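Take a look at this one chain, the form predicted on its own, written out in structure tokens.
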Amino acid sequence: MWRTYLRPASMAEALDLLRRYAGQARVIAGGTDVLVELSRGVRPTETLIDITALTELKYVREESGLIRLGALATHNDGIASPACVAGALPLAQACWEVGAPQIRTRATIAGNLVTASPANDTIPPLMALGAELALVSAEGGERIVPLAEFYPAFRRTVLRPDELIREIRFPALRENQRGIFLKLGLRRAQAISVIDIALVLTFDGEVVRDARITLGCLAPTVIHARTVEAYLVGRRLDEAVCAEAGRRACDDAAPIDDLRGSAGYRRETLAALVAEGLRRVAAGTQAAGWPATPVLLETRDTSSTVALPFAGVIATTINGTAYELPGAAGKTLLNALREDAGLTGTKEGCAEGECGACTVWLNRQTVMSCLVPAAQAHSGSVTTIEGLAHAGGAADEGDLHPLQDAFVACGAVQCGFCIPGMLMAGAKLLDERPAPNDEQILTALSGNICRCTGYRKILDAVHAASAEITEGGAA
């Protein structure tokens, strides 16, 4: 899909490459949007500029009342940040709705903004929060652009070919402010929004002093519900006001019909979502349902590592063994594992990050290997289904990971095609929390589709493995 893979080691080098290849290369970080587009022939390129070595861009922090997100902050980073959950709940809720766990480990919030779809979940909350972007280039230095001015038209941004988003920043919610993000999708996970909304309200006692309500999937770009914003100022959020605000929201959008929903359905949903969001904000239950400890499917390593320079040959560790893959720089990690490393246990299902069959661990993160450029494994470590038993502590050849044993005992293995991905996701969940409940298991496996629909036995197997692990630990 690409021929040249460049991995700058510094911001200066990255900006110089963007200047030299302006309009002829694409920036890649998480890759969850870029690789899908390349596979479909959307915005094709022969050159990728990988910025993942710029670790100074990976942060979420609060400073002097501002929440700052570096360009490499992932959706998981937003979910796991206490500052983001407390000071930007609508954004954290949107991050929780993006894709599936294997997507959230890698997909960056900045990348979600750059893709510029009006269905992208993080745009409405960031716009409602009043976010601005710090854009940098080699020749122009830094410029600040309000997110509300970032999208001139459908799937277009004002980002210049030689520019990079350095930071996203916005004021943290104050004590007299409350907000919420709500989304309607057609699946539990991996659902493109049919409609989504974000609300940020400022109160003077019980009276609304300011309202910012943004609407996704209802216009070529994310828009403000200006009619509702004006209507709410000076009012208390009683049932009549919430219902009327929902009705008036329909005057702020002219949705289209598409495969996910008709225009009429979207208008009805808009009215209901706006009214429901206002009711929850009024009741102070905007955070209801937020998990106390969200499932991340990554076991975070706080030790610092230095990425080795990449010169075309991928040097990586797979299942504890060192590999050099000289011909894999133009491939996905999935294809490199199967074709170059000879490890065919990882399966290709959809090749677009929808089914989870290709799930592996990359640097302690659970990822869809079909959406990872193979070169991102350079100087890193990969665990595939072939190495799961060893990763789980098996000492003898032929021993299995406790979850593999449980899949056999519970009859959870059916045709077998999806099982490697199921096992890799489930085993990482057990690494993260040895005694998960049903909801946590369902979340962890929400990115994995079983073609034989045998989910009950799969859940039973995770519980059985959990019991073995926790009992063994107690012993």
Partner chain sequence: MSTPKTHLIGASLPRPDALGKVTGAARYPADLIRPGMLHLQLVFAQRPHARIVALDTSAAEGAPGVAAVLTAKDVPYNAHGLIDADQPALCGDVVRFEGDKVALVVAESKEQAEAAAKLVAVTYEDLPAVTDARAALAAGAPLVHAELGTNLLLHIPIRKGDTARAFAEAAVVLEGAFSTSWQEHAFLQPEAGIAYVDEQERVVIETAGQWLHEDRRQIAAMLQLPEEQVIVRYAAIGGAFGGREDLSMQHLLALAAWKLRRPVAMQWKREESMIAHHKRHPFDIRCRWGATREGRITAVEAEVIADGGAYASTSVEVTKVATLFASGCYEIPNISVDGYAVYTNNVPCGAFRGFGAPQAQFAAEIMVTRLAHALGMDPVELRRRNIYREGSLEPTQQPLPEGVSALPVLERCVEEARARLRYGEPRESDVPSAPHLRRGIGIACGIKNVGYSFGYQEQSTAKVHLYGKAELERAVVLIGAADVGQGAHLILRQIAAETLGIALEQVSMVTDDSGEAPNAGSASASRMTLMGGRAVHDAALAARAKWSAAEEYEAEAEVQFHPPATTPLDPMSGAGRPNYCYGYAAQAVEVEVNTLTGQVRVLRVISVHDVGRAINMQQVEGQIEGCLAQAVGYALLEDFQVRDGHVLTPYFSTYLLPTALDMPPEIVPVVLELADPNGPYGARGVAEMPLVPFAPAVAAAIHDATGVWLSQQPMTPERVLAALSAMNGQSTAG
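Numbering follows the first chain given and starts at 1. All figures in this text were calculated on a predicted structure; none of them were measured in a lab.
Separately, the form predicted together with the partner chain exists; it is not shown, and the next lines address it.
Original post:
Since exactly one of Thr344, Asn363, Thr202, Ser379 fits, which has a heavy atom within 4.5 Å of the partner chain in the predicted bound form?
Top reply: In short, Thr344.
**OP:** Could you work out which of Cys418, Leu54, Leu38, Val27 is the residue within 4.5 angstroms of the partner chain in the predicted bound form, going by heavy atoms?
**Re:** Spelling it out, the residue with a heavy atom inside the cut-off is Cys418.
Original post:
Is the partner chain close enough to Leu259, Gly264 and Glu339 in the predicted bound form that each of the three has a heavy atom within 4.5 Å of it?
Top reply: Checked in the predicted bound form: all three residues contact the partner chain.
Subject >> Stretch in contact in the predicted bound form with the partner chain, which is absent here, among 171-179, 225-233, 353-361, 371-379 (heavy atoms within 4.5 Å) >> reply: Looking at the other structure, the answer is 353-361.
**OP:** Report whether the minimum heavy atom distance between Gly392 and the partner chain in the predicted bound form is within 4.5 Å.
**Re:** Contact with the partner chain, no.
**OP:** Could you confirm whether Arg156 comes within 4.5 Å of the partner chain in the predicted bound form, counting heavy atoms only?
**Re:** Because no heavy atom of Arg156 falls inside 4.5 Å of the partner chain in the predicted bound form, the answer is no.
Original post:
Does Pro44 make contact with the partner chain in the predicted bound form, using a 4.5 Å heavy atom cut-off?
Top reply: Judged by the heavy-atom cut-off of 4.5 Å, Pro44 is well away from the partner chain in the predicted bound form.
Original post:
Does the partner chain come within 4.5 Å of any heavy atom of Ala219 in the predicted bound form?
Top reply: Answer no; every heavy atom of Ala219 is more than 4.5 Å from the partner chain in the predicted bound form.
Subject >> Neighbours of the partner chain in the predicted bound form among 167-198 [non-hydrogen atom within 4.5 angstroms] >> reply: Heavy-atom contacts within 4.5 Å come from Leu184, Gly185, Leu186, Arg187, Arg188, Ala189, Ile192.
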